[in-house]
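Shown next are two forms of a single protein chain, provided one at a time as structure tokens under the names structure 1 and structure 2.
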Structure 1
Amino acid sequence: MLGLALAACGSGRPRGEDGGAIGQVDAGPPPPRWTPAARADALAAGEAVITKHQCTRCHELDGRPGAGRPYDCVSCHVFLTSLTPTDPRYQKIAANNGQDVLDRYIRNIAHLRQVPSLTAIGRRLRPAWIAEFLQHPLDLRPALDDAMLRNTVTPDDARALARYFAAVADVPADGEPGSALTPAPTPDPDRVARGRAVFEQRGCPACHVVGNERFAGQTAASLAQNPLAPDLRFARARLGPETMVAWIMDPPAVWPAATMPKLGVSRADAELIRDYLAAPVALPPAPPVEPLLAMPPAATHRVSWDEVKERVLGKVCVHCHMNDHEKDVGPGNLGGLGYAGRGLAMRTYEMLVRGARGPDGKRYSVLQRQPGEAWPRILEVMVRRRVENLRDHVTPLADHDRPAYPAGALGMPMGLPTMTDEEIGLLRRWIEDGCPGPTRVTGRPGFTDGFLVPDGPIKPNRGCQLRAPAAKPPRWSTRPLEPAPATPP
């Protein structure tokens, strides 16, 4: 299976086709060739980690088959948002599901559409940097709204992945001679200044930022048009000095998947730019955390379940917290992306009040405060995301030092920009009003639910505490409902 997957990928090309030196991460002694056995080992070990963490749900990776529907976040989003009314596939889906529904999908999908390809990335990125990044990811592309996930990759997993990427690209892996993160040589200030001037003249700032440095020819629009261009303040750690020069001269020769065009930069100019990019970039300190932790005010109007679902939980959260019978588009419910899953579903009221499973396997209400916390858990995690965003989400020219991720529970929505004050305020008000449910569930007037999937109705509405749905699963359910908690409160 591995051999098959690799036969389709760029790494299968005969070496030397695009210049033998390209495979070298750094200038220096030539890398030891991967023996076939060592390579096969590294590929198999890396493949196991890739499978465990489902990296192909988002990334293109060495010609591996994508995760497939309904697992593949990016390909489905790209597919849907690329449909136009003249496309027969658009017409077919519109006929089956309603044109208004399809148009809403296309309008609403904003994230996980553009994600960097990982195919043969060892040709561009140092394995040692990859291993470090996987354990401590941070926003690399300020014009891209999405971030690499905070994940459960262990140091061993990270090493296995770094070796995998090195083996695919046939460059030395972490720990082998010539591959370590060599300290950047102290650049000559005169060359740094000249490199900066060339960088500006050649139009590089149209696509790239370098920390918060200001350049002529850079506009918010030009940056937004090229969201996959990394902040080049990271380039000194990501690329070896020789790779950097080769890249600036001819990106597709270094990395077949390159989208950066060849700009006809001479070697002398490329070396000047490399020296400019080798200089460290000064950044302001991170903003203080306390204001980020303040809970936004509750909405001033009475908020219905419909509104909460439509504007908050159903807008973003449900996509990882689907109901049980919706199979596997639910890393936060049934598990995925390397997480075991916490059994938290949000599509319907009945499933939301079933709560989440703690590390001990016991269920707790996410609509109530947990010991030691100031707010119901679901609000806590949304506010925590704002602190994570100090690492995960900077905007162009507003970068700052990146503090470590806060310890403790993951912020939500995982990997995505934080919800707005207004959205959090809606959920807060709904919880403060006692989590009023839809009429069909509660028997109370005033709330309707336009999209009720009967996972099992709960008759009385008793506020926000933990409740179990009825034991009877819907007809089409692919799995039995969990047994009810022993003593529902």
Structure 2
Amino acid sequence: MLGLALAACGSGRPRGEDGGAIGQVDAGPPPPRWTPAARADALAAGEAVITKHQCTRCHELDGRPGAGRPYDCVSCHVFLTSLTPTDPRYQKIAANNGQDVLDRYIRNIAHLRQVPSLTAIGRRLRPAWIAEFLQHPLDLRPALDDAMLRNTVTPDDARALARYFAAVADVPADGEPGSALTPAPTPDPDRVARGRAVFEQRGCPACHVVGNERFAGQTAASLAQNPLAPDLRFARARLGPETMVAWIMDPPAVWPAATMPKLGVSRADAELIRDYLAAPVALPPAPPVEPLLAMPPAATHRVSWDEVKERVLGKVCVHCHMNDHEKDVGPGNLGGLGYAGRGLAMRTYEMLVRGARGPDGKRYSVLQRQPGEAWPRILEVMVRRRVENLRDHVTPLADHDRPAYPAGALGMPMGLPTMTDEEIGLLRRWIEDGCPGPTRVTGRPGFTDGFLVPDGPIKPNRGCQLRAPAAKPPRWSTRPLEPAPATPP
């Protein structure tokens, strides 16, 4: 559940809408608590879905153990970016892998360092909204580049997770007794105006946006200081009215792990802010799709395999498309995060030209055009990602109506910002030049994880067509690991 943006504010470990039911809020008397049997059933069903979709690879979740490195994406990135040259762990990794490689890893980590904690989110968010978001995720946090994955959560999965979160928090799941929904009243215009004034006076715009509303003193730099702070135009859908008031008055009282501080807001002022946030927000339509589908020009210089691996495939793509023998082969290869996998590995040239498995189980080259496509598949999906970004990533104060995801092949890289024109241009030029392979052996023999996985020339070592791996691995890929140089005393 990469980047599942459900918490009302940032929290917990730095793991890091379609609003759904926007015109409805919780109503009715306090509900009865879950019976032990119903709660146990809801927890068991939800835990099965959590395991299926590997939610703990990114998120803290009700005390469940994380996936551990290297499977825990966020924990791995937080660990690496915390290292300094004087840290013994840095020195040990540098000695085993090379300081240049370690520094390259740290330098390239820009994403998956902060995601919301999902612990006890049922205390804050409406279960019906959770179920809707899981099936139709979109960007809630404009200052955060990462986004929730376009996923394989089914309606039944979403209902099971919504009931799980409700059961953990001991609140009713929508549809349970006492959780009836009624239309939200139209806020009084005078209260909306007064609420906006209180919202601004209390300094809320320092962290939050409300659609594209402009507030004095609000800057991109101030918003970037709190990347997990959500766009509050979604608050009316996400939180019930009483929960919203309680959160504004005292966030830690609603959720002890909240990082939003208690600001001393009176109940009267909290209700004014709630009414302001309950008012509908007008947004412009989404930008047109056609310009986003234009293929960037090819690089003007000849691009080697070393360059395309270093600057494009090895920078982002390999995180989901590692080789079969590595510790974490990635969901794009052998499956994960709810996906079955396509058998596509990109760590080495030999595995890249092995291609991917199609729906029929047959392999095809991602470096060539497929029926009905104008460009090689790998370029098609990188450009397609730019259309998905209309839903997945909206910069602060540039919000718009969020279109549905386009049908067809998934855009890549999933959940992350699009590849740049320069990066796509490098890959395009390399393909147009015939996909030349490596001319020398790189990596270190014996390594089975990381950028140092051995890579080298194969026969044939040129061409974008599908080619099976050598039946007998080349000698350079199977030599025993050479001992690391001794560390000076």
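We call the rigid core whatever largest set of C-alpha positions still superposes within 1.5 Å between the two forms. These figures come from a predicted structure and were not determined experimentally. Numbering runs along the sequence of structure 1, starting at 1.
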Which structure would you label as the form predicted in complex with ligand HEC, 1 or 2? 1
Would residue 300 count as moving between structures 1 and 2, using a Cα shift of 2 angstroms or more after superposing the core as the test? no
Residue 134 C-alpha moves between structures 1 and 2 by 2 Å or more, core aligned: no
Does residue 101 move appreciably between structures 1 and 2, meaning a CA displacement of 2 Å or more on the superposed rigid core? yes
